[in-house]
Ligand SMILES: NC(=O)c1ccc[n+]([C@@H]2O[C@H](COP(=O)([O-])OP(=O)(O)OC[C@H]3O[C@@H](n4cnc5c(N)ncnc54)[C@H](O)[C@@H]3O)[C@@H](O)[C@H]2O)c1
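Here you get one chain, nothing else, as structure tokens; it is the form predicted on its own.
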């Protein structure tokens, strides 16, 4: 399977290098598309990248997904979405659903348990909660006042910054939104997922605690990831989740899906 990567930041560069080095059986790198022109990776204009690939990995953020996702799918190429939080935009989600004949796939990113949530949702979920805790400084947002931002940078105790429906929290914290969006999409209902974002100045890991209850039973998942050194709003494991997804698509026999 020929794989192209859009974006060569902290996620895309790891994915592209692993593909270049043959780390994913059944898949090979066609190139990357990134304005930074990263060294050591074959760089192609985005149109050529799409044409040369069977699967295109979006690892460049919400705007790139909105601008290029439909183009990839309309060209008949499959698309692996890393910026799942962008799907909180209903219009974009519908555009991707309507595009084709390429098929969109979603990366699990920094969390697990989504397959069980999706199965339980078929029987009905009446409560889903996600509490995400990150280093305080990494949660500063452009919409915050100078005083709010400074409070985060100098906080010495945990602070709950926001609590509400997944779509609202996803919009407010776009660089930390992929987990909330993934949980909501697995649950099949953006409104049933209550999401909280907690800033903790002492947090050594990024934690996601998911609890759910429904006809199938009660569930609790707790994930603690080390933040990416290059991009603290993301977790180190994310590019490896992308590589796992590519491997499952390239050699699907016996793969969890």
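Keep in mind it's a predicted model, so treat the numbers as computed, not measured. Numbering follows the first chain given and starts at 1.
Here the subject shifts to the form predicted together with this ligand, a form of this protein not shown in this document.
Not displayed here, this ligand is kept clear of residue 197 by more than 4.5 Å at the level of heavy atoms in the predicted complex. In the predicted complex, residue 40 stays away from this ligand, with no heavy atom inside 4.5 Å.
Interface residue remark: residue 3 is not counted as part of the site for this ligand in the predicted complex, having no heavy atom within 4.5 Å.
Contact annotation for residue 231: at least one heavy atom lies within 4.5 Å of this ligand in the predicted complex. Here the chain stands alone, but in the predicted complex its contact with this ligand, taken as any heavy atom within 4.5 Å, falls in 52-60 among 197-205, 52-60, 23-31, 210-218. The candidate spot formed by 9, 84 and 238 is fully in contact with this ligand in the predicted complex: every one of the three has a heavy atom within 4.5 Å. Only one of 96, 179, 79, 139 lies close to this ligand in the predicted complex, with a heavy atom inside 4.5 Å, and it is 179. Among the residues 67, 222, 48, 189, the one placing a heavy atom within 4.5 Å of this ligand in the predicted complex is 67. Residues of 184-217 that come within 4.5 Å of this ligand in the predicted complex, judged by any heavy atom, do not exist; none qualify.
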